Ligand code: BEZ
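Coming up is one lone chain in structure tokens, specifically the form predicted on its own.
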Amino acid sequence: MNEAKQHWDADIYCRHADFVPALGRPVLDLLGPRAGERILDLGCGDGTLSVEIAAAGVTVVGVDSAPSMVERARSRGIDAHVADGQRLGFESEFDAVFSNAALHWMRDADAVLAGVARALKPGGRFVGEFGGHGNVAAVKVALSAVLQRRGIDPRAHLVWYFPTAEAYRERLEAHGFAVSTTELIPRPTPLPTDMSGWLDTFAGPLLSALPEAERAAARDEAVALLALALRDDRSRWTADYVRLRFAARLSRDERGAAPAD
């Protein structure tokens, strides 16, 4: 398996991907935070949505794997920590776990769900949205073609986890969650800059399969391929996003015990 990881810079993320937290606000409605609750923001990023959750009178703890993002979240007053979402260490601490646009970076989905189940109090909620089946399909095809032309098997470097709604529902249920909704939402998303900026922000693990001197040319080749499908006649770019939105409640813990009434 490819060991390359995505590297995040808070300033670059804000420049090329400020739409991510903006489009995550409907998930906050699904979460329905209530005053006095303690909520974990899993993959909190720069803390934009954490602040909105906290505004409901909630105590928010944020975790993210990127130190740059955690630093920015802390500057916004969030109790944020650098942590791997696949190795959560909390125990029966939260009324809810919230996650937006982060779970598709965590390939070991079972480890994530086991950690979330442990972190929740009995009956706690798990609500979120991330990339689902078909997300950035054109981008994956273009990058795969570029790597294959250079003798690299792209399958060894695809870092994203984009499940179907049915597959994720089954995973949730296997970890003791009663699922109220899992749905795929096609959401073509206009980009604030361009496809080069998007690839520089999000496709690092794929492009890093190449020698550094070849990466810019490979990125530009992928951009040229993608222009055929994702750039309009005014040179505006739209990413072919498909999101998986879900809401579930912990019905038993990892040992199989049902929550007390």
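Just so it is clear, the model here is predicted, and its values are computed rather than measured. Note that residue numbering begins at 1 and tracks the sequence as displayed.
Just so it is clear, the following notes concern the form predicted in complex with the ligand, a form of the same protein that is not shown.
Only one of 128-136, 76-84, 167-175, 90-98 lies within 4.5 Å of the ligand in the model of the complex by heavy atoms, and it is 128-136. Proximity of Arg118 to the ligand in the model of the complex falls outside the 4.5 Å heavy atom cutoff.
Though the partner is left out of this view, His104 does reach within 4.5 Å of the ligand in the model of the complex, counting heavy atoms only. Contact annotation for Trp237: none of its heavy atoms lies within 4.5 Å of the ligand in the model of the complex. For the partner-free chain shown, Trp160, Phe162 of 149-184 come within 4.5 angstroms of the ligand in the model of the complex, judged by any non-hydrogen atom.
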